[in-house]
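What follows is one chain in C-alpha cells, specifically the form predicted alone.
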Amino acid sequence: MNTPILSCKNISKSFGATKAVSELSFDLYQGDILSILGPSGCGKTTLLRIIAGLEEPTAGNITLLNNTIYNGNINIPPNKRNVGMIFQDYALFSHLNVKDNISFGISQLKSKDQKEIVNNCLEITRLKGQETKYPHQLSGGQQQRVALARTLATSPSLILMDEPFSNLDTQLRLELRNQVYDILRQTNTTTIFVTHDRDEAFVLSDKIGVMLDGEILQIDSPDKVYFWPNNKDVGLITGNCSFIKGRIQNGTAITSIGNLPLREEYKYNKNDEIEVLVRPNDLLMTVAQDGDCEVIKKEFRGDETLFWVKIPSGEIIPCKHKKYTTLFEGLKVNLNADQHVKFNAFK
C-alpha cells in the first residue's frame, strides 16, 4: 500500500476548558483532495492551522511524507514543513506585482529557475498577461489564482485552503472553484479544503470529512457521506433533510406515510423505534382530494420548487418536485417512496 502524504493521529487541541479539536485521525495520499465540512466554530480552521504549524496541538502525532512534523517532542516550524496555506483574504503583497508575488517564496533560486517556475505557474493558473499588474488591479478571482500560483511555485507537499472562495460572489465562486479543481488535478497536488458550503465540498473533493464540535464524524467519498451518513448530524450537515418517526417491522420502516424500505435493514430488530432520514427528492407527491398530507408552504426557486408538506403524524417535511410547480398551500396530497430509493434510519 502507498505511504500517506499526510498522516494525522489522535490530534487534539484545547483552549482552556474548551476542546476545539478532539482526537482526530486520518490519512491523505498523493493527489487526494479532502474537504473538511462543518458549521462555523466546529474546529475546521483550528485543524488546518495545526497541520500548517501555526497552532500547536495539545496532543497527537503528525507525519508528512513519512517524516514527523509534530509529536510531544518534535514541532517543526511552519516554514520548514513544506506545506502551503491559502487564506480567505489571499494575503497577497500589495506592493508587489503578480510576477513578484508568485516568485516571493522561491527568491533563493537562480534567476533562470525562478523565471521558469513563474512562467509555468502563470500558465497553469491562466494568468499569462497579468504579470505586471498589482493586486488592487485584479479581480477577486484573479487574486485567488495569484495566491494559488504563489503556493504552487514552492512545490509544497500539501496545500491547505481555508474557505478560499468565501469572499467572492456566487457566479465567480462557481467559476473559480472549477478552475482551482482543474489546476489541482493537473498538478496532482494533495489538498485540504475547509468549507461550510456542502456544494463546494461535493464538487471539489475525493473525500469529505464531516466535522462537528471538534470531532470528525465521518470521512468518506461525497456520495457515501450523502447517501450513507453515519448518524443524524452527518445527514443534516451534508444536505437538506428531515426525520420521520417510525418502527421496524419485517426489515421495513412503518411510518405515518406508509412503509419505507431501508438501506441496512439487518441493523434493526422488530419493533425498534427509529427515525427515518428523508431528503426532498426521496418522496413522490400525488394530488388527491382525500390525501392524508397537506401542502402548507411553497418556495419557488426558479428551476425547482420546494414544498413543505404536513404528514399525518404532524411532522413537516420538504419535498422537491419540478412537475408540480402549480400546487398551492392547503392542497391535499399523498406521499410515496420513490421506487429507486432506500432510506437510512437511526435509533
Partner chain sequence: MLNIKFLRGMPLGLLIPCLLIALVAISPVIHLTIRSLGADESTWLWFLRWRTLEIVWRSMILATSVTIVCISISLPISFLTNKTDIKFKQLWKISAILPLVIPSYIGAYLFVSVLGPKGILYQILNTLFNINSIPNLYGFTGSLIIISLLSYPYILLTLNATINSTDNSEEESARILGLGNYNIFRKVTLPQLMPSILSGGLLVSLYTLSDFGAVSLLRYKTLTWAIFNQYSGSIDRNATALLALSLCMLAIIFVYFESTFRTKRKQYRASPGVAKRHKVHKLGIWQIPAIIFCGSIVFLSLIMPVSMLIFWIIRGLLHSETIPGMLEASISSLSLGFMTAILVIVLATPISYLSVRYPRFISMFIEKICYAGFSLPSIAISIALVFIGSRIGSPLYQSMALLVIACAILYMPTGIGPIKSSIELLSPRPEESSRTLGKGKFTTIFKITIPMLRSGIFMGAVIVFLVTMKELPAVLILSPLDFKTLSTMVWSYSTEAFFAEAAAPALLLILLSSLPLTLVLIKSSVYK
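Residue numbers count along the first chain shown, from 1. None of the values given here were measured: they were computed from a predicted structure.
Unshown form predicted together with its partner chain; subsequent notes refer to it.
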Counting only non-hydrogen atoms, choose the one of 93-101, 225-233, 196-204, 170-178 that falls within 4.5 Å of its partner chain in the predicted complex.
93-101
Report yes if any heavy atom of residue 89 sits within 4.5 Å of a heavy atom of its partner chain in the predicted complex; otherwise report no.
yes
Using 4.5 Å between non-hydrogen atoms, is residue 253 touching its partner chain in the predicted complex?
no
Does residue 121 reach its partner chain in the predicted complex, with heavy atoms at most 4.5 Å apart?
no
At 4.5 Å between heavy atoms, is residue 284 in contact with its partner chain in the predicted complex?
no
Is its partner chain in the predicted complex near all of 258, 291 and 336, within 4.5 Å of a heavy atom of each?
no
Give me the residue from 85, 192, 274, 211 that has a heavy atom within 4.5 Å of its partner chain in the predicted complex.
85
The one option of 269, 111, 79, 73 with any heavy atom within 4.5 Å of its partner chain in the predicted complex is 79
Residues in 47-73 that come within 4.5 Å of its partner chain in the predicted complex by at least one heavy atom, in order, are 49, 52, 54
